[in-house]
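In structure tokens, the next block holds one chain alone, the form predicted on its own.
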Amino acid sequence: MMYEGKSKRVYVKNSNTLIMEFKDTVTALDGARIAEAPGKGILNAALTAYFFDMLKKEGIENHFMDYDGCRVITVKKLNMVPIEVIVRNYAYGSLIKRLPLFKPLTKLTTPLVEFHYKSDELHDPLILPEDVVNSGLMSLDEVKYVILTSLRVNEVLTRRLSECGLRLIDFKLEYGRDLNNKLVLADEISGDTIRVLDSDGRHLDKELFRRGGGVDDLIKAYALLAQRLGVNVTV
């Protein structure tokens, strides 16, 4: 094992390949709230495999290679960049906190792409694209690539979820560099990293847990998200 985070364990398979195991642990508020949610790891692995495979078919390169049908995916080894990219379609969460002029769930005129420095201690602060470049985290061309790729991911996810009667509010992406120093989409896309509402305005994502909901409700929501997408998974 080379790394264990809040929601995943990462193992080395060989020099170019990693094994990513999804845990049942659920956290919120930068780890201030934590609980065990049996079945969450299986659901998130299945959803991540589904989304990344779909993106590959749409021509969006990512680190996904294979899925074991349970809680493990095989991925390309990358050197991760400590930046979280948030794509917003509607006003929600921290966007409203920093600019209260927005009313909750106001549809944005155009999708908003944000960069956040990945640090629980600093609460993942919002940073400018210029900060990313001047700090040396990415070049200007890489920043442009990340913005364009993230917007393309948004198009694909929004279309698919809309076909299932679901509304994509926002989501988080991460990127890493491969052996050729090329940026590649990575990490996960699951109920932990997206906000999705059904036609009744119910969350099928981790927002349930952030708001104080129990793990049983969380698992039901993730399972319903998988079901609506046609992802065959048993927990």
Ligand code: CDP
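Numbers for residues come from their place in the sequence shown, where the first is 1. Values in this document were obtained by computation on a predicted structure and should not be read as measured data.
From this point on, the text means the form predicted in complex with the ligand, which you will not see here.
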{"query": "Options 129-137, 78-86, 99-107, 157-165; stretch whose heavy atom lies within 4.5 Å of the ligand in the predicted bound form", "finding": "78-86"}
{"query": "Exercise: residue 171 in contact with the ligand in the predicted bound form, heavy atom 4.5 Å", "finding": "yes"}
{"query": "Proximity of residue 195 to the ligand in the predicted bound form, heavy atoms at 4.5 Å", "finding": "yes"}
{"query": "Interface membership of residue 124, the ligand in the predicted bound form, 4.5 Å heavy atom rule", "finding": "yes"}
{"query": "Partner proximity in the predicted bound form: residue 111 to the ligand, non-hydrogen atom cutoff 4.5 Å", "finding": "no"}
